[in-house]
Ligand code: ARG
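In structure tokens, one chain follows: the form predicted alone.
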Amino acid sequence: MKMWSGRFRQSLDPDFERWQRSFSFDRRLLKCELLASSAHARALKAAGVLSSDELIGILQGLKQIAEKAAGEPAFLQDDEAEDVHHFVEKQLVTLIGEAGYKLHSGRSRNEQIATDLRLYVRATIDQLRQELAELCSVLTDRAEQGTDTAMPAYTHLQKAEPVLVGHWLLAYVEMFLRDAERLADCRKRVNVCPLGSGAVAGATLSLDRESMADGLGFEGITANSIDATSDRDFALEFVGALSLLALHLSRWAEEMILFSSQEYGFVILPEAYSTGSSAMPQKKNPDLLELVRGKSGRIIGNATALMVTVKGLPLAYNKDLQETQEPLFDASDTILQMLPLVTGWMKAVEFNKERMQQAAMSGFMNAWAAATYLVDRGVASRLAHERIGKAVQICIERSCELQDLPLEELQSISPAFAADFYDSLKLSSVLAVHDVVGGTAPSRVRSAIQVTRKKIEPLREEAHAHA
């Protein structure tokens, strides 16, 4: 029986009927639907709509549906169910008889899907934060292993200054920690319960909304039934946060691809996450990295699809909102599949520390430190910049580095140069001069690693608490 068929005299066009169903993708919400339905059933009992026996029968029936779905994959192959709500009602009536129809008293599919999606997004956020905690932990471990090696940092893809490998990796940890914070902030707005909103104007029965929300672990209830049944900004915000996370993953992947090329040679691709060429026997291709980069575009596309779907909808519920589910599910699936693989890659990757260290010692990356040397001796910053620029130009003409210029020639550029200038050009001195919080001085990086671990630990504890 259709959930809405009483008013109709003519059957649906068969092609349209198949086309408009959502059960093929919203069946993944079955667990959420069963939880929400159990909460609604208890509220119906409290409102006097269900007897004790009917409540027990419905709760047992819902439990049986969950058990069947878990143990029999074919159980979810239903060519008649219009959506997950229809499927549950059908199965419940089959199991316990007409009492199953009473479960829909005082509620609408509009509030059901809004509730199911909030439960789904909340659970996904908790899972993602756990995965991000693991990724950040691995990155921090690798950063700690890189506190004895320098590498070039780049601006405009040109060599800029040397930094510690650990400092470089911690930059990604900061990005991913912000992503975890964004998801936690999104969770606050997700975690309100629409049950009791009805189709648009509120439930027609005196249901205890606070009790239903509490039973489902929500922090509160939605304040307006129109908004509750038509709102999807929680889904847009969630996928928007995923798109930022995907963007960070894509930047990470792009840099690892560049650094694994022969021209850089900083990164040795782990074979477990790479593939070969069908034509060129020597190739080892960064397929995981390239797929991360490619799939990130897909997630950003899902965020755009969601916004475009919702942007012109009048209040309240419209069938268009059915189209918000697949982009949401796809974005969630894509990022959930991606994060453990990225973590595994980071555990397995090797860095060519000798090549990185060597690259950090050429290309005038000590030029700012050289200018700082002059500033420390009373030369105005702008003039120091100009004097070192002249010295660099001489070096370029002679194909040498700053430390190769004779002191007499340096003093002809500025009398502030002295014999100790050459010590300031050594890699250890160049790193040490960046001795500020957030800088790449070795002591600052070691301190940053400890601070970062303290940031990650509460994230791991919270994620496990929600698991």
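Heads up: residue numbers just count along the shown sequence, starting at 1. Since the model is a prediction, treat every value here as computed from it, not as a measurement.
The same protein has a further form, the form predicted together with the named molecule, not shown here; the description that follows concerns it.
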Which one of these stretches, 363-371, 301-309, 238-246, 321-329, sits within 4.5 Å of the named molecule in the predicted complex when only heavy atoms are counted? 321-329
Any of the heavy atoms of Q91 lying within 4.5 Å of the named molecule in the predicted complex? no
is_contact(F266, the named molecule) in the predicted complex, heavy atom dist at most 4.5 Å: no
Even though the partner isn't displayed, in the predicted complex is T124 close enough to the named molecule, meaning a heavy atom within 4.5 Å? no
Do Y120 and the named molecule come within 4.5 Å of each other in the predicted complex, heavy atoms counted? no
Residue among S260, T222, N110, T140 with a heavy atom within 4.5 Å of the named molecule in the predicted complex: N110
Contact with the named molecule in the predicted complex, heavy atom within 4.5 Å, among W168, F218, W252, Y317 goes to Y317
With the partner left out here, which residues of 16-39 have a non-hydrogen atom within 4.5 Å of the named molecule in the predicted complex? S22, D26
